[in-house]
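Below, in structure tokens: the form predicted on its own, a single chain.
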């Protein structure tokens, strides 16, 4: 009994030493900032940009203005387009990597991850050089005689979405790769033995089993796309505005922290709904 009692005390002591710091870290760097942003969204702003700590719903009423709804709608559309293109690129890449030999598999994963480890701003500046008037794309098109003058690619919505697709693709590849790699090869062999064509095997076996990986990748791509204001700033040149730009400007240029907090709460609410929908879909797929 004494040994059991001392064991329980040591166990509780170890749990306290590990859970305590983790809890403090979570509260300090996650719970407290989130609570502050939410409470700040119900505050006012004085004429000099200072925060007035008095309850008001004015910030959320301002959100209903058409200009902000248009920006939000544009952001949701662009994020959806980016997610679709990322999925179309990432799925075959992940499928090839999942079924390739060990050396090829390692090379393919390294090929998608090494650029991802590079500083994001460096990658964006590289895209700016590629899409500029004297960049690689226009030089190639002019050299082939397909265009007579350089195309305006940089500082357009296309450039912004191109940059997002390039930046977000690894976030889709990895969950898809992990999911496709778990598919039992005996299922594919059984399908071939039963006379299933490659197309039927993909539609009836591979694709249904890979849906959880697709859903996880969609969440990892769609939500960050809404907040990638630095990509829109660099590649859009101030002409392509998404909700992330508006939030950033409220906290920096406009000095309207309460309204910026309300915008952030709105987007966080939408993100939470997407994650909850993903969890529900994943549970249904498990059954």
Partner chain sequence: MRKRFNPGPALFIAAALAILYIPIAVMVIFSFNRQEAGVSWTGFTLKWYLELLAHPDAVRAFTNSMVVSGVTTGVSILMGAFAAIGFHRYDFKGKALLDSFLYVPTIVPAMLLGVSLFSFYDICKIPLSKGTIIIAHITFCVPITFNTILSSLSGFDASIEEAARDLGCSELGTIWRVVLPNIVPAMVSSGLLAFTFSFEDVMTSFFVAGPGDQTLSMYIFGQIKTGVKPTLNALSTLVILSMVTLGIVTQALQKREKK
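Positions refer to the first chain, counted from 1. All of these numbers come straight from a predicted model, not from anything done at the bench.
Below, we turn to the form predicted in complex with the partner chain, even though it does not appear here.
J.: Sort through 26, 70, 254, 62 and report the residue having a heavy atom within 4.5 Å of the partner chain in the predicted bound form.
T.: Of the listed residues, the single hit is 26.
J.: Within 4.5 Å, heavy atoms only, which of 78, 128, 214, 153 is in contact with the partner chain in the predicted bound form?
T.: Looking at 78, 128, 214, 153 one by one, just 128 meets the 4.5 Å heavy-atom criterion.
J.: Since only the chain is shown here, I'm wondering whether residue 22 would be in contact with the partner chain in the predicted bound form (any heavy atom pair within 4.5 Å).
T.: Residue 22 belongs to the contact set for the partner chain.
J.: When the contact criterion is heavy atoms within 4.5 Å, does residue 146 count as touching the partner chain in the predicted bound form?
T.: Heavy-atom contact with the partner chain at 4.5 Å: absent for residue 146.
J.: Should residue 192 be counted as a contact of the partner chain in the predicted bound form, where contact means heavy atoms within 4.5 Å?
T.: Heavy-atom contact with the partner chain at 4.5 Å: present for residue 192.
J.: Do residue 182 and the partner chain share at least one heavy atom pair within 4.5 Å in the predicted bound form?
T.: Contact check for residue 182: no, nothing within 4.5 Å of the partner chain in the predicted bound form.
J.: Check, residue by residue, if 40, 117 and 122 all come within 4.5 Å of the partner chain in the predicted bound form, counting heavy atoms only.
T.: The answer is yes: all three residues contact the partner (heavy atom, 4.5 Å cut-off).
J.: In the predicted bound form, which residues of 217-238 put a heavy atom within 4.5 Å of the partner chain?
T.: Residues within 4.5 Å: 223, 227, 228, 229, 230, 233, 234.
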